[in-house]
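For reference, the chain that follows is the form predicted alone, supplied as structure tokens.
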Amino acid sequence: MDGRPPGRRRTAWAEGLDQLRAAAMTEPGRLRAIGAALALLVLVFGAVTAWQVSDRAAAARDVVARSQPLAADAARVYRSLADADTTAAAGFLAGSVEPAATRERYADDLATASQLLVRAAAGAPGPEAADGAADPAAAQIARLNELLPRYAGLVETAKTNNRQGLPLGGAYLRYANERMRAELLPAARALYEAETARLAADQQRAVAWPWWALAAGVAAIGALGWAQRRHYRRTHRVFSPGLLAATVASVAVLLWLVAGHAVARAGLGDAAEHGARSLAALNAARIDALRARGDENLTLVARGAVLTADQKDFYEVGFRARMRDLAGAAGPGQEASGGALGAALAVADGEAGRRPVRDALAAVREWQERHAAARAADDRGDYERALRQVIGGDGSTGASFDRVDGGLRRALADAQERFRSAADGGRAALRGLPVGAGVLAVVGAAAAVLGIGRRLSEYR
């Protein structure tokens, strides 16, 4: 008799549990359980490593192929709009016959802004972000697409009136400039900030340590070490080839994971620290230069018709403020320092990046001296001379502005190349790691099972 009351029969589930419990009390049963646990831990380690590294690699790919290019395009949208406004004012100052080069530059600026907005719309997540919130980039793109044709219409009206010699043209141009300042440029800046935030989020995701994978690796290697110690204590054999192979495979994955991610983190960190910071500073400097040039042109268009609250020329005050933003506290004959150009020079990497910024700083000093001469001529009532000193050829403030803009354009190209090179180097460190981790994990799990199986064969 088995001690159970008559008429009561045990279920198959209970019988199975009893058999498993009895088997687990024997050494072969314990070995089977240990082998299964080891194989599972190693496979989990490989799977988690492949998953987290794939996620980091995807984020790094997004940094290089999506978010950074979109941030650069957003900065170009802002620059194109600011340059279009500046060029429209320069064309207006030229009189009834607008130079072909000025007209083409204005048209190219508007076409560039439109094309970049189309590309930004294609790269944006959509009206709603992944978390269900409204995507700020999409909202600004829609706003700019709505405002840009209105601005272009105002400028065309201003040009038409200017060609007919009607003074109303200046009023239309000033109103177009007000719309640019109050609506288009703020929307373009908001777009740039949204894309920059997306870039920062992708960079943060790419460099985050894969803690789950590291923890799984430590657990798998620790369990393999414990199993080998148990094997030694029960058999006095120093090595189990299968368990040793599983340990070597797991250690290899862990070391590859740590080294690969450290290199990737360093590369992407360098891209953010030097490339991205330099690009941001240079973009800010170029925008300040464009806005200063626009205010300078509008000073001659308005001719004192627009004043500040303290009865100063609105556009001249704006020009001085933009120049302070651009180069810090500097005046004619003084050394320009600080400002956006000073920040760009401080974060520039290498002589190739610093030289064009220094050239731009020198051109700013020249620009300020020429602007002072133009203002002096205008204050004396010599408008034609002031006009030549602003929109003329060599020796004009326009030539100085072109030198500033050209230096910043070269510096931006260098910073962009450095960003791409550093980010690509970081991405390369993760290449092959997800597949390699999976293969080594399968090999390690199989080796662990074979190692335990060899020990089990001694009981047959």
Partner chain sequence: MGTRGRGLRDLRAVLAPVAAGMAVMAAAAAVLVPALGRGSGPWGPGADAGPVAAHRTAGPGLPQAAPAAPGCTPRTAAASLRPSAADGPAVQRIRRKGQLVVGVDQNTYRWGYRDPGTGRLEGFDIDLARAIARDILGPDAKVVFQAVPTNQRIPAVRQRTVDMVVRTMTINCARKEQVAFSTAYFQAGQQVLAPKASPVTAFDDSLRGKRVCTAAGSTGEAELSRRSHGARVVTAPNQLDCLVRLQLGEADAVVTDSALAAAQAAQDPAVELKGTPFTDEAYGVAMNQDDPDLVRRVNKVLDDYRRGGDDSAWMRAYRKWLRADLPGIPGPPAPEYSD
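Please read these numbers as outputs of a predicted model, since none were measured by experiment. Residue numbers count along the first chain shown, from 1.
There is another form of the same protein, the form predicted in complex with its partner chain; it is not shown, and what comes next is about it.
Exactly one of the stretches 357 to 365, 281 to 289, 241 to 249, 165 to 173 approaches its partner chain in the predicted complex with heavy atoms within 4.5 Å, and it is 165 to 173. Taken together, the three residues Ala111, Leu185 and Arg189 lack any non-hydrogen atom within 4.5 angstroms of its partner chain in the predicted complex. Of the heavy atoms in Val118, none are within 4.5 Å of its partner chain in the predicted complex. Remark: Pro99 does not count among the residues lining its partner chain in the predicted complex, judged by a heavy atom distance of 4.5 Å or less. Although the partner is absent from this view, Glu384 contacts its partner chain in the predicted complex, with a non-hydrogen atom inside 4.5 angstroms. Its partner chain is not drawn, but in the predicted complex it has no heavy atom within 4.5 Å of Ala219. Of the residues Arg103, Arg388, Arg380, Arg230, just one reaches its partner chain in the predicted complex with a heavy atom at 4.5 Å or closer; this is Arg380. Checking Leu154, Leu214, Val317, Ala72 for any heavy atom within 4.5 Å of its partner chain in the predicted complex turns up a single hit: Leu154. Shown without its partner, the chain has Val301, Ala302, Arg303, Gly304, Ala305, Val306, Leu307 in segment 270 to 308 as residues with a non-hydrogen atom within 4.5 angstroms of its partner chain in the predicted complex.
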